[in-house]
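For this one, two forms of the same chain are given in structure tokens, first as structure 1 and then as structure 2.
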Structure 1
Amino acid sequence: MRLQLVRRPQHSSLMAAVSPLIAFALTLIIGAIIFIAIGKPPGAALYAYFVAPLTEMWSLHELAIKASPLIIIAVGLSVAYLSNNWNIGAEGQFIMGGIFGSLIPIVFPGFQNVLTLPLMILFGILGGMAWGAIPAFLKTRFNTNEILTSLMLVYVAQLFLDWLARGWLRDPQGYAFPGSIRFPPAATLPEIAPSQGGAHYGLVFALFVAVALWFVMTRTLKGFEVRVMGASPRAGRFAGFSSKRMTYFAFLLSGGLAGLAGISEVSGAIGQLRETISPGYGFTAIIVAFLGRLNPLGAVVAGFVLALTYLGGEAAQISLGISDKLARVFQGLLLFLVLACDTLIYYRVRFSAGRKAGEAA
């Protein structure tokens, strides 16, 4: 039996809508098989993973805390990937945003007024942009592969944060433990509904950013430019678009948003600069971007789905003793299946027996 792809005359809008759902359903089926293989009841395990976190108010807040950074980063990455600029170093830009934004409350602890938070956020965005500008500069100036350089800078950023949190920015009264002073209230991103749970204004940023970029991508010339440059840089050049400017736009936007996510996380969820500030949000956001079909609004839905796997992993470990490492497997699996199902949008898949498939396509 042979598998054969037949290009559709037009891409299927039905498949474009349902392919992420098919991928999610397949992930659940494979998940059930994994649970059976490790001797856990599949029904209870899937419930713990994907339903239990949705049943209580406080855990919905936890879901929002985890979804916000994923959405903010993924929205930027969606635009970058659509323009064919492969920024896979969002994790590093997230960290740099966290560091830059934290400089204000740590270096100037006396500066506490209404300007503190806006300045921190501005610094966070600038930090992410600066880190994202490096691969963009190297790509446009020296033709260097942006995938490899942006990824290498993740490791550099992680080590830089580790050095700062153990050295220069460490709390002098912290008994030699790594980590900065705890931020004062003026430097803490407030909670949306403190009586119900801990979700902070990062969620508002996430929704705002998603809607704003959806508008830019679908209703403005800039959005058109991004699509054209991604699909055919040659056609774009004839239209007067510059591929170098597009590379900078993609990296500054996705880097800046990753930086915004970083400072929101540090200021809203953690409350101090630690030696690690991300459980891999910058990489998981890549999955979010693709699951959301590189659409900013899709990223919102996808962000919540991926956040659910983080929470579900913790829940299943407590209630059923299933390793929380399984959450990472689910995330990787989901991206794999999303990419596989995307083929259905552009191709019909046929199975033919034997090698004599001579019919006209």
Structure 2
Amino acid sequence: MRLQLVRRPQHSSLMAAVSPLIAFALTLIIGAIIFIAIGKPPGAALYAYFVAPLTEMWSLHELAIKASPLIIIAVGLSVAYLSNNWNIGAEGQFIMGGIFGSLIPIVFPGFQNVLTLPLMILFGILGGMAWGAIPAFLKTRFNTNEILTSLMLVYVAQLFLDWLARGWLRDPQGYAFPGSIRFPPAATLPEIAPSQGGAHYGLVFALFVAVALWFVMTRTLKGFEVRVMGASPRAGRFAGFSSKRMTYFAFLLSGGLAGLAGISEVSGAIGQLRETISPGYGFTAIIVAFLGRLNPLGAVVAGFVLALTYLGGEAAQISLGISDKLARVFQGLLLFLVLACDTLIYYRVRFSAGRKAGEAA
């Protein structure tokens, strides 16, 4: 017997729309089974993961802080994936954005005025774009696989950040602990509601970027070009579109947005450059992009859902003594089930009898 996937002549639009909900429900069911297997009450564990973080105001602020970088990165990745350019290195571009943007308050601590934050944001975007341009250049010039090159650059960026935080950019008054000086108020991303505390303007950046790119993708020629080049590069070439320019556009856009998320995280949530500035936002944003159906507005909803797994994992770790690695299990399950549901929507499973080795007609 041989298992085959046969493409359906037509697929259900309704099932395609509800596929993320089905995947999320299956994730909860499998998660409950996992909790039972490790001896934890599934009801209390799922409540700690997905309900408890929504019951306190401070938790909602934390949810917005964690969702903001996920949304910003995922929006850029959605455009890249729709154009058939597979940027897997957003984590590295996030880190480089944080590094480049942090150079201004670290190297020039006396430069504190209204231009400080805008320049930090600009440098952060440029840092992410520069790191994203490397796999784009390698793909267009040497036909290298962008999945491998963008992924390997993540580890280069992580080690570079660790070297900077422990060496050149380390705070001389920090008692030899890794990390830069604390950013002054002029270099700190302000909170949306200072009287209540919590979420900073990174959330505003995330919502603005999502709406802006939704408009570009649905109402402009550039959005049409992205979709055509992603669906059929040959048809795109006949229409006069350039695959090389599209590759650079996809990587510069997604890298720049990852860099924006990086400097927003460093200047807003952390307040200094540390040896680690991301719990894996660049990789989790891949799940956000697919859970949001590669739609910038869908990425907003998906970003909050995945941020909830981060926050819920921390809550469950405290209340139930569960490892924080279970949050990654939930994220991985969600991506796997989203892709599995999509596969069954577009393909049907068929079993066929395999031919015997001696039959060679």
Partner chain sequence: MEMAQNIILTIMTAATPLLIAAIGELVVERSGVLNLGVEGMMVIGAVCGFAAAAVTGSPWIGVLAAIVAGALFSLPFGFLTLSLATNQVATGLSLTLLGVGLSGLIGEAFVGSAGLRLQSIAIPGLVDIPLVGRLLFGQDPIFYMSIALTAGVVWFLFRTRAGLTLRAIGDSHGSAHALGISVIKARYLAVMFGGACAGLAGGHLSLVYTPQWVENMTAGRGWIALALVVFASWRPWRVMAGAYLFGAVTIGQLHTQALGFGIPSQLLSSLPYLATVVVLVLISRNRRLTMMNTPASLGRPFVPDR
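Residue numbering: structure 1 sequence, from 1. Just so it is clear, the structure is predicted and the values come from calculations on it, not from any experiment. The term rigid core refers to the maximal set of C-alpha atoms that superpose within 1.5 Å between the two forms.
Shown second, as structure 2, is the form predicted on its own. Once both forms are fitted on their rigid core, the CA atom of Val338 lies less than 2 Å apart between the two structures. Phe24: CA moves less than 2 Å between the two structures after rigid-core fitting.
On a core-based overlay, Arg8 has a Cα shift of 4.2 Å between the two structures.
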